[in-house]
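Take a look at this single chain in structure tokens; it is the form predicted on its own.
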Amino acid sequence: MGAYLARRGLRMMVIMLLASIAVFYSLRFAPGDPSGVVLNPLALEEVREAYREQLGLNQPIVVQYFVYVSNLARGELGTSLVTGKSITDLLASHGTNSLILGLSAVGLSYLIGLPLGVLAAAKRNSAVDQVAMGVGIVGMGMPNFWLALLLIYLFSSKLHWLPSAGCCGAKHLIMPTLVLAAEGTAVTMRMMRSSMLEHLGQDFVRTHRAKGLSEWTIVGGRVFRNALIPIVSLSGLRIGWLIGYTLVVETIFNWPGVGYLLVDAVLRRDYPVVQFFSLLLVFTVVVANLLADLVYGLVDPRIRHA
């Protein structure tokens, strides 16, 4: 286990290094810079050059990168060039909002997807199975931005039940959570159904049936745990999908999370904010995949022993 964690830790360091280089250089090579956003549009070019010099943007890109990495290593995260707020304060406020939205979406997708997948497998080819699979196809096929617009049109414009945007009450959370959880619920349900059907056809299930165990005892107590392995493996990848979708969902619903902040910072060329939160999202995905691998051993001891 120690050697495994050491290898994964080294891999994580390499990924973070490559991600930091990619983010840093892509920002510098993109058109525009902070002076075009922070300063008055009528400011003289001499003033803009002085501002760039103050930020160190006139130095070679390699020098800028090593200065940024050294500051980051010392825990100096920097401040926003646009608002003047520290990165720590932005992380505390926007990170909390994203965590609330993300955990709500993940919890909802598993709370609905797992039971429906088990039920569809247990009632294979029945009306319940057909309806569940139909809902799964719609959930996987409908783009999340389109679903968001439909929900806003129905529940905000027509019925006036829910606010179309804003934060941070329970009513503001409902529609973003539904949109963010839609595809994850559909994927979880379909994978759970397939995994359950695969295990229901194995010999140990026929043995349990021959012993007289009830169908629900076999499904819930014997098959369910083994069928969770593909779901666990998918969970690490789904964090990456969730982060990508969060950028869209938070922007549409004006939910002040990390995704909304990151999109706004890119448009404003707020270099410190973009660099830190981009790396934070990459780190989150990498750690999520590591945790998914570790949970393998808890779900299936054979993997741990191997």
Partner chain sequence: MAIAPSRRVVWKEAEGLPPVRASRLTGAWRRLARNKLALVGSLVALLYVLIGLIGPFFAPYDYAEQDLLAASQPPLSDGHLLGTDQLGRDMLSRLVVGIRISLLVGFGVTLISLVVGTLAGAVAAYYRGWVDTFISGVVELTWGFPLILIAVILAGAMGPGLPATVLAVGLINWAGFARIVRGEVLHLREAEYVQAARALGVGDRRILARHVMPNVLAPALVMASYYVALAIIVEAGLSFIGMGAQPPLPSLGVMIAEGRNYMLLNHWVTTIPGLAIVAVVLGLNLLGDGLRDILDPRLRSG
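All values reported here derive from a predicted model rather than from experimental measurement. Numbering follows the first chain given and starts at 1.
One more form of this protein should be noted, the form predicted together with the partner chain, which is absent from this view; the next part is about it.
Each of Y245, V263 and V285 places at least one heavy atom within 4.5 Å of the partner chain in the predicted bound form. For the options L44, L267, L39, V67, the one in contact with the partner chain in the predicted bound form, meaning a heavy atom within 4.5 Å, is L267. Here the chain stands alone, but in the predicted bound form its contact with the partner chain, taken as any heavy atom within 4.5 Å, falls in 153-161 among 103-111, 153-161, 83-91, 224-232. Using a 4.5 Å cutoff between non-hydrogen atoms, H172 does not count as a contact of the partner chain in the predicted bound form. Among heavy atoms of S26, some come within 4.5 Å of the partner chain in the predicted bound form. Heavy atoms of I252 reach within 4.5 Å of the partner chain in the predicted bound form, making it an interface residue. Interface residue remark: H199 is not counted as part of the site for the partner chain in the predicted bound form, having no heavy atom within 4.5 Å. Counting a residue when any of its non-hydrogen atoms is within 4.5 Å of the partner chain in the predicted bound form, the hits in 171-199 run R190, S194, L197.
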